[in-house]
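Encoded as C-alpha cells, the following chain is the form predicted alone, with no partner shown.
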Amino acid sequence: MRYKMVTTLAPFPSMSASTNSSLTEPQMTAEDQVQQIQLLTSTDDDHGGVIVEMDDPMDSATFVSILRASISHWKQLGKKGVWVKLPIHLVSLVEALVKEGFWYHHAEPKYLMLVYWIPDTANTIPANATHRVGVGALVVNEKREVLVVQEKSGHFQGTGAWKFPTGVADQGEDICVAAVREVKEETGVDSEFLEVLAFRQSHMSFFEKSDLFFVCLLRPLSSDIQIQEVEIEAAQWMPFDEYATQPFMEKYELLKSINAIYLAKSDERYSGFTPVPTASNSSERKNYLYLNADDLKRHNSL
C-alpha cells in the first residue's frame, strides 16, 4: 500500500498551522515542532468522497493510527464518503475498520468494499446494486418451432417441462449479447438477436435483490443441437402450438402472457424493442438504446 506524507504542526490535525512550516527552527517553540503524518493514499470520487485501495499488509494497530489521521485530514478537506477497497488477503483488517465505524457495502470474489460517512449530515452513499438482470431466449425457426430445453437443476427440474433457455447477464454484458450466449451455451445453436418482446420486474428474489427479466426473440442461424450436459437434461425443436399447450403453462401467467405476445408478434400486431447502439460522452464504449423501431419508422414516414 502506498502512503503520502503530510507536513503539519502539532497537534494534528491543525491544517491552518501548516502554513507556518517555513519558520526556521530557532523561531519555533516545542509545541510548534513540525511532524510528519502518514496518511492513506486516496483518489477523489465524483461526489465529494475519497477511494482508498489497500494492498500491502500491516498490523491492525498501525493501520488504525493511519486511518484515524487520514479521516481527520479528509474531514478538514470537506470530504464526505470514504470507500476502502480491501482485498481478500487483507481480511485481517476488517474488524479494525468496522470498529472505526465502517460498514460493508458490497463484496466481490477478490475484495470487500467498506464505507464510512464523515460529516454530521444525512448519509448519501448510494446503496449496493439492487437488481440482477436475467434473460429468456425465445428462438423460433421458419417452421415456427421453438428451441426448448429440460433443465437438470432449477425450478423445473424433474417436471418434464420444456422451456426456452434462460440465464443471467454477466457483469458488463449487454442484454442482446447475453441472450445469444445463453442459447449457444445451453444448446450449441447459433442465433441472431431480434428484439426484446417484454420484461418483468420482481422483488425479493436472489439474496433479497430485485430481478429484471428480459424476454428476447431470436432467429436461429443453425439447427444442430449439442446440449450443455452439466445443466441441461435435453433439448429439441418443438412446434410452437405444442410448446404453448403444455399442461404446466396454465400455472404461470408470465409464460401464458409471453405466448400471447409472440402470437401477436407473428401476426404483425405487436412490435418489441430492438437495440440501437448509442455513443456516450464519457466513454468510447457504445451502449444500446432499446426502442420500438417499427413504430418509429412508420411515424417518420408520415
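Remember, it's a predicted structure, so these values are computed and weren't measured experimentally. Residue numbers run from 1 along the displayed sequence.
Although not depicted, the form predicted in complex with another copy of the chain is the subject of the following passage.
Listed range touching another copy of the chain, judged in the predicted complex by heavy atoms within 4.5 Å, from 120-128, 68-76, 141-149, 217-225: One stretch meets the cut-off, namely 120-128.
4.5 Å heavy atom contact, residue 277 and another copy of the chain in the predicted complex: Yes - in the predicted complex, heavy atoms of residue 277 and another copy of the chain come within 4.5 Å of each other.
is_contact(residue 261, another copy of the chain) in the predicted complex, heavy atom dist at most 4.5 Å: Contact with another copy of the chain, yes.
Interface membership of residue 197, another copy of the chain in the predicted complex, 4.5 Å heavy atom rule: Judged by the heavy-atom cut-off of 4.5 Å, residue 197 is in contact with another copy of the chain in the predicted complex.
Residue 236: touches another copy of the chain in the predicted complex, heavy atom cutoff 4.5 angstroms: Judged by the heavy-atom cut-off of 4.5 Å, residue 236 is well away from another copy of the chain in the predicted complex.
Listed residue (64, 249, 51, 58) with a non-hydrogen atom within 4.5 angstroms of another copy of the chain in the predicted complex: Among 64, 249, 51, 58, a heavy atom within 4.5 Å of another copy of the chain in the predicted complex occurs only for 51.
Residues of 250-272 having any heavy atom within 4.5 Å of another copy of the chain in the predicted complex, listed in sequence order: Stretch hits, in order: 252, 253, 254, 257, 260, 261, 263, 264, 267, 269, 270, 271, 272.
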